[in-house]
Each structure stands twice: as structure tokens, then as C-alpha cells.
Ligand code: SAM
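Given next, in C-alpha cells, is a single chain: the form predicted alone.
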Amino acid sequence: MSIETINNLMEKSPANWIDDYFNNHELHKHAFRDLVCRVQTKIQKIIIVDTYNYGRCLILDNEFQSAEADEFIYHEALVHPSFILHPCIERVLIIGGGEGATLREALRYKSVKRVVMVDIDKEMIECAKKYLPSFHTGSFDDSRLELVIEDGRKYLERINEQFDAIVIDVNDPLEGGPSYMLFTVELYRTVAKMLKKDGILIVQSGAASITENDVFTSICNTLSKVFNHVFPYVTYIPSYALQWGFVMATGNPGKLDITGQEIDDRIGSKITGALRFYDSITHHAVFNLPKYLRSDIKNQTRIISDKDPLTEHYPGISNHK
């Protein structure tokens, strides 16, 4: 490429950039059109930017959460591999998920009668309703929803109710953040008591790349101390620029090894609307972890506890013109 070509590209390049720091040695840059929203709540800092490549992006406490262009990958991966295996999902509890997209996917199931969504930040919900309509697609108005504004840990410890599925879709355990006490063995023991016989817990479990997987492998190990059956899985999220981890855990796995045809048949009969990411081929692909990641999970010994919680420090984001 000639110097003249480079100069022409630089002149045409977007003026506004936001830097997403992975660590002190790696960052990714996103060009954005507009700053849509910036709010400092009592809980966290909320930023929504309109990027060129990924549309509107939600950033919480300087960490990228969801991007309009590919959030369907994350949210379909989070919900459907577990929900489709359950014989009949009726009662769902979501901890976190402020964008409303996890709620959207749960409400696709015709059998669902009640969804309780617990989020710590009312202002996050209001921002999502106003600025992220393509994420929630009106799900906050569904009559099956009970929205609770409360700390997720406190909610789980005070109620006496059972669910078919519990989804923990909260921020990574950031140092000083609102979510780090939702990843401990004590919390998982509380959750286990709230699941029905065939109940399933699903946890978003952080980065699962070759260089960044301590959160993911620690969650796998911690869940294994509570549940007899733990199934980690991963998929690549383009806007994150890395592989992301999820974990499904249950005390009663039932018939989990079903055929691809049966998965597709269940999608057709149980779910409303068309999925863009998840089907039988995707289902079997996400559970096939690469060898290095299976080894890292096997060799992980850390148990996350209330006395020794897992916290991370992120360099954060910055933007400039």
C-alpha cells in the first residue's frame, strides 16, 4: 500500500474513536458516530455509543457489554442451549440482563408462564428502554414479566421460590463493581436449592481465550463443587474480538444427549420467531471446547468464595477525537 493511499484513508477515517483496553498490553479501537447516552448512576457508569461497525454498544463501568450487530450471538448462546434441553420451561429467573435481550430470548418459549428479572440498577433499565429498542424488542412490556429492582444476591437469599431455569447474566466480577459476590460457591449453593428437579443454572462466565480465561475456568471449578453435572461451552463474539464462555449446571441432567434433528424439532415447536445463531449444528459446536481450554479447566483449582471472591481490574476505555 502506497503512502498516498494510506494518507487518503486517514483523511477519510472517522474522527471519533473509543479504545477498549483488554489489559495493559492490548487494546481494540472502535470508531463511533455519536455518544448516545452517558449516565453515572448510584451503581455504575452507563455509556451507549453508536459505532460504525457494530451499531449501538452498551458499556458499563468502562467494560463493553453488548453490541447491536452481534448481541444475538451472545444472548442466543446464553439462553437456548440449556432451555432447549429442558422438558418444559415455565418459570424463569434472570439475574442482571439489563439490556432486556436475555429476557427477549427467554420469552420466546411458548411454555414460559413467568419470568422474574432482577436488576440492581433502575436507570439501566430506563436507558435500555429508551436507547436500545432493538435489544429488548418490547420485552419489558410482556405480561409474563415481573421486574424487580434489587441487588441480585439479596434477592436470591430472601425469596423462597423454585424455577425451571436461572440465568445469571451480570457484569464480570470487576474490582469494586456490583457483581463480584454473584460468582461464589455460597451463592451457587443458594441457587441450587431454588431449582426444580430438572432445573438448570446458566452463568455467563467471561472471556475464554488462550490468554484470558481465569474467570471462566474458576467459575467452572466452583460450580463443580455444587452441581454434579457442569457443562462449559464457548463461542466467538466478534465485537469482543475473542471467545466467550458460558456454563450450564444441573443436579439432574435428564436426557441431554439428544439428536440434532430433535433439537431442530424443538426449536420449531417450542420457540416463537426465527433464531439467527442457534440451531442443532451450533449446539453441538459450542460444547466442543479446544484441547488447551479443556486442559485449563481441568487444571484449575481455585474455588471462588465469599471470603476469597474473584475480582478483576480492567484498564477501562477511553475516547478521543
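Just count from 1 along the sequence shown to find any residue number. Computed from a predicted structure; not experimentally measured.
Here the subject shifts to the form predicted together with this ligand, a form of this protein not shown in this document.
- Only one of Asp142, Asp198, Glu90, Asp121 lies close to this ligand in the predicted complex, with a heavy atom inside 4.5 Å, and it is Asp121.
- Proximity to this ligand in the predicted complex, defined as a heavy atom within 4.5 Å, holds among Ala77, Leu182, Ile84, Ile202 only for Leu182.
- Residues Tyr21, Glu212 and Gly245 are none of them found to lie within 4.5 Å of this ligand in the predicted complex, as judged by heavy atom distances.
- Of the candidate stretches 283 to 291, 269 to 277, 61 to 69, 25 to 33, only 61 to 69 contains residues with a heavy atom within 4.5 Å of this ligand in the predicted complex.
- This ligand in the predicted complex comes within 4.5 Å of a heavy atom belonging to Val170.
- Gly152 belongs to the set of residues with a heavy atom inside 4.5 Å of this ligand in the predicted complex.
- This ligand is not shown here, and in the predicted complex it never comes within 4.5 Å of any heavy atom of Thr51.
- Using a 4.5 Å cutoff between non-hydrogen atoms, Tyr240 counts as a contact of this ligand in the predicted complex.
- Contacts between stretch 79 to 109 and this ligand, counted in the predicted complex as any heavy atom lying within 4.5 Å, involve Ile95, Gly96, Gly97, Gly98, Glu99, listed in sequence order.
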